[in-house]
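We give C-alpha cells for two forms of one protein chain below, kept apart as structure 1 and structure 2.
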Structure 1
C-alpha cells in the first residue's frame, strides 16, 4: 500500500494503535500523546523514506519506537536506584529457610504451545501493566521489542550489566507469579 502524505488519515487509521503501543511502555497519557504527535510529524517529514515494503502501520510503529527510545534515554538520567534491599526481600520470600520453593511453580506444559495460548497472552499483557515502572520497561524493551543488552543499558541508564540481569530476573519472576495467580490455564502442581 502506498503511503499518502496525510497525517490526519494516519491519525484515523493508526492513532489508537500508536497510542496503545506508547502507553504499554510509558503509561502516561500526556507523554504517549506527545510521542504519537512526534511520530506523525516525523513520518510526514520522512515520507520519502517509506518504501512501501512494510505496511504503513509497521513503518509508523518503527518511527514511534525510535521516538520512544529517545524519550527514555532522556528520562533515564533522572531515574531512581536500579535495585533495592526491598526487592531482595521480595525475592527471598519465595523460598523457605532451606532454599526450597515456598509455593512451587506449576507445570504449564510445552512452552512453544502454551505461548500461543490467548489466555496466557492476555494474562501476560495484564501482568506487564502491573509491574513497577523500571521492571516493566526493561521487560517490554527486552522481550517484546528485542533490544540487546547494550541498547538496554544505554536507553534506561542502568549502571551495569549485572544490575540489568538482576532487574530482568525480578521482572520475570514477578510476571510468572502474577500469571499463575490470574490465569486459569496451565497444568498441575
Structure 2
C-alpha cells in the first residue's frame, strides 16, 4: 500500500471528478452516484494492492471504468438501430455515387491551433451531449475511454461490428454537422 493512500479523503478529494466522469457516460445522477459509491467500496477492498505507481485519482478512475462497463453489461442495452427510411435517405444524401462527401467538411485551419481553442472544446462538449443516448455513449466509450471493438460489442450488446461502425460513423457525422453549426472559429471553404 502506498503511503499517500488515504481512503477517508477519497470522497472529498476525488468525488467530484469521479461523479463527472460517470455522469458523462450514464447521464443519470442516481446511477452516477451509485457507481462512485461502488468504486470507492471496491477501492477500499483493493487498497492493499494499490502500490502508488499511479495517482490515487488515476487508480480510482480505472476502477470506475470497470464499474461502468459492468453496469452497462448488466443493463442489457441491446436496442435496434434507431433508423427509419428517412434516416437512410438523409445519410445516403451526404455522399455521392462514388462514396465521397457530397459536401466535404469545411477547412477548420491548423489542427494544432484549433486543438487549443476553448470555443471548440465547449462546442464539442455541447454537441456530444446532444447526441442520441446510444450514439453518445458509444462515441465516449470509443473516443474518450479507448475501448476496442470487441469491448464495445460486449459492453453495449451490439450484434455486429458492422452495426457498431455504422452507429459510430453516424455519431461522428452528427458531431461534424453540429460543430460546423455551433462553433464560430472554423475556417471557411
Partner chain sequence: MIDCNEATRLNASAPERPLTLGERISLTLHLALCPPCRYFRRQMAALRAAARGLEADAVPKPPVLEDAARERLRERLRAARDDT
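Between two forms, the rigid core is the largest collection of C-alphas that superpose within 1.5 Å. In this text the structure is predicted, and so the values were computed from the model without any measurement. Positions refer to the first chain, counted from 1.
Worksheet entry | Structure, 1 versus 2, that is the form predicted together with its partner chain | Structure 1, not 2.
Discussion item. Using the rigid core as the reference frame, would you say residue 110 shifts its C-alpha by 2 Å or more between the two structures?
Written reply: Yes, shifts by 2 Å or more.
Worksheet item: Hey, core superposed, how many Å does residue 119 shift at the CA between the two structures?
Response: Displacement of the alpha carbon, after core fit: 2.4 Å.
Worksheet item: If the rigid core is lined up, how many Å does the C-alpha atom of residue 100 shift between the two structures?
Response: Its C-alpha moves by 8.0 Å once the cores are overlaid.
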